[in-house]
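One chain follows as structure tokens, the form predicted on its own.
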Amino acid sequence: MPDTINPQVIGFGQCCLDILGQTSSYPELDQKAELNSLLVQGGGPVGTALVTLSRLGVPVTMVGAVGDDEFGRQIREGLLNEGVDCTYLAQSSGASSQVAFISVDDDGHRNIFWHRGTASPVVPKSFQAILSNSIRILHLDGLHLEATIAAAEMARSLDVITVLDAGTLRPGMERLLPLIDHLVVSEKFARQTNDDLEVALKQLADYGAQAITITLGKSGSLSRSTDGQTFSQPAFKVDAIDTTGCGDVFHGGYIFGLLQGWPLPQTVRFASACAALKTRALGGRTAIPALQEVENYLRDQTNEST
């Protein structure tokens, strides 16, 4: 890894190309709907979290895989344009890249159709050296389970903090969860564990994570800290244009808080603000804020409540 990169966070997992269309009405079967706007942009849980961190001023690097197709070229170019190091983003010959089509309605809600592609990330032979360089946090998504477990095991052996973005409880994930220090999961994932979210927090905590947060969309989030205390973070009120990528951006903001050594409530509040500001425009990355924007926004929220 070149010395000039000196990343603090490495992401191992998905990067995607999103094709987003905004429409006022979702069509019935065999019908058409005109799109009011169209956007092609990079996406994916880990990729977008790294873009968030880069905009917040954190040096980051991406480990993953794309195909040698046009989608793969655009994915890589989008990350590079955001300052994400792609030295270890492999291009798999003859493979296809992950792609998603996302329809967004006038209220900011979206339906996602996605194809994972055939390019699968593998742990590079130099991964231990990469982690040993300057990495403080390894961010994972768990889609490619065996490779994710191998990366998490290596991080654990080197005392590198692990963060997992868990959207769906897939078979075998119970092998990954004990290797995670900070578990930030979707409501869907939590309810697959237990429909009572308080109970789900406790059950997930039993795997050994330092902290667990369940993101709940417009209902905010629910967290459990190391000492077993739970707290809620309300969602910030915004006129949402598109909620695509909110969870990914939340993870980026959460990791930023970890890097600052903030207490969990401050970290979650900051992450929630990042996700809220992201909703201001179509696309998972378009409106991701810079650090000063988030700080100003949080200051304004504090002033309004006093």
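Keep in mind that this is a model prediction, so the values were computed, not measured. Numbers follow the displayed sequence, beginning with 1.
Another form, the form predicted in complex with another copy of the chain, is not on view; read the next lines as being about it.
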is_contact(I19, another copy of the chain) in the predicted bound form, heavy atom dist at most 4.5 Å: yes
R175, heavy atom within 4.5 angstroms of another copy of the chain in the predicted bound form: no
In the predicted bound form, Q74 touching another copy of the chain (heavy atom, 4.5 Å): yes
Contact of V99 with another copy of the chain in the predicted bound form (heavy atom, 4.5 Å): yes
Another copy of the chain in the predicted bound form: contacting segment from 271-279, 58-66, 255-263, 32-40, heavy atom within 4.5 Å: 32-40
Residue (of S126, S232, S132, N111) lying close to another copy of the chain in the predicted bound form, criterion heavy atoms within 4.5 Å: N111
The single option of R156, R136, R116, R191 touching another copy of the chain in the predicted bound form, heavy atom within 4.5 Å: R116
